[in-house]
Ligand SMILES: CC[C@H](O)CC(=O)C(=O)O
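Only one chain is shown below, in structure tokens, and it's the form predicted alone.
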């Protein structure tokens, strides 16, 4: 592997699944993964948007079995490692073993930022399976830095090779990312990573701040294909880092071609900051909630922004998608009461 100052994990084949209703086909994953591999992207994450085992009525049914998608990606990659995301409680140890058995080489174990303790079993199993292991602390904006450090240390103690600060809602501001990454860099002896969302148009700025403070693992999604307003746009990030003389060893022209020629046609519509995705960041709500909130708004004849703002007030977190309908129903009932 070529020398890299920063290792980028491409997440469009996992996080981007949210944006296209988990409808990836084997042909699409094969074509994207092959092109990313040829561009020398070191890690490519593939799974349901909510991780292994996420295909369900609650999180959205996948068009294609994710193990078939992972296997397809593995079959065409000569240098890239295929990564999978797993949220304990959604995915199981059995899912993790099956993914490893078909060739996944990195496990990213994701928990809410206050629940790192539930990652212990899965991190240890991933290590036993010989996988590179990442602790993924989601919704990192919801706790003070001291709490984040406490949780990160737990993941490090379980054997994580890297611990990520995950801005699931795209709600963190640059100074907040700076404080969190610096604190983790000082407290941990393992790699520190950052995963951003672009709901407040800060994914790129926040990623650069994270790198400046010592993060050596960062996420990007080609063509910005991810939940909410998408993630840090990979081909743009590679361009910016190249201008900063920070080596990613990724072929810039090939990344541009992947974005333009292969991924753009997959999108139902261009990934942009809509009023819905903007309010996700403003309210500090999990980015994958947008499609669920839109559906609930249609059902109860509401503005989805009102649902998302209320979800933010109630501090609803990933895994509590069933509460979206409850919140929408409550808002609708209150309005009906006031109007009669």
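For clarity, every value in this text was computed on a predicted model and none was experimentally measured. Numbering follows the first chain given and starts at 1.
FYI, the form predicted in complex with the named molecule isn't displayed, but the following is about it.
- Decide open or blocked for this chain: the named molecule is absent here, so superimpose its site C-alphas on those in the predicted bound form and check whether 3 or more ligand atoms come within 2.4 Å of a backbone or C-beta atom. The pocket is open.
- Item | Candidate stretches 95-103, 253-261, 79-87, 153-161, one within 4.5 Å of the named molecule in the predicted bound form by heavy atom | That would be stretch 79-87.
- Query: Tell me, which of 166, 172, 237, 148 has a heavy atom within 4.5 angstroms of the named molecule in the predicted bound form?
  - Reply: Here the answer is residue option 166.
- Query: Does residue 49 reach the named molecule in the predicted bound form, with heavy atoms at most 4.5 Å apart?
  - Reply: Answer yes; at least one heavy atom of residue 49 falls within 4.5 Å of the named molecule in the predicted bound form.
- Query: Would residue 107 count as a contact of the named molecule in the predicted bound form, using a 4.5 angstroms cut-off between non-hydrogen atoms?
  - Reply: Residue-level check for residue 107: no, no contact with the named molecule.
- Message: At 4.5 Å between heavy atoms, is residue 194 in contact with the named molecule in the predicted bound form?
- Response: Heavy-atom contact with the named molecule at 4.5 Å: absent for residue 194.
- Message: Is it the case that residue 138, even though its partner is missing from this view, gets within 4.5 Å of the named molecule in the predicted bound form, heavy atoms only?
- Response: The answer is yes: residue 138 has a heavy atom within 4.5 Å of the named molecule.
- Output the sequence-ordered list of residues from 8-46 with at least one heavy atom within 4.5 Å of the named molecule in the predicted bound form. Contacts from 8-46: 14, 15, 18.
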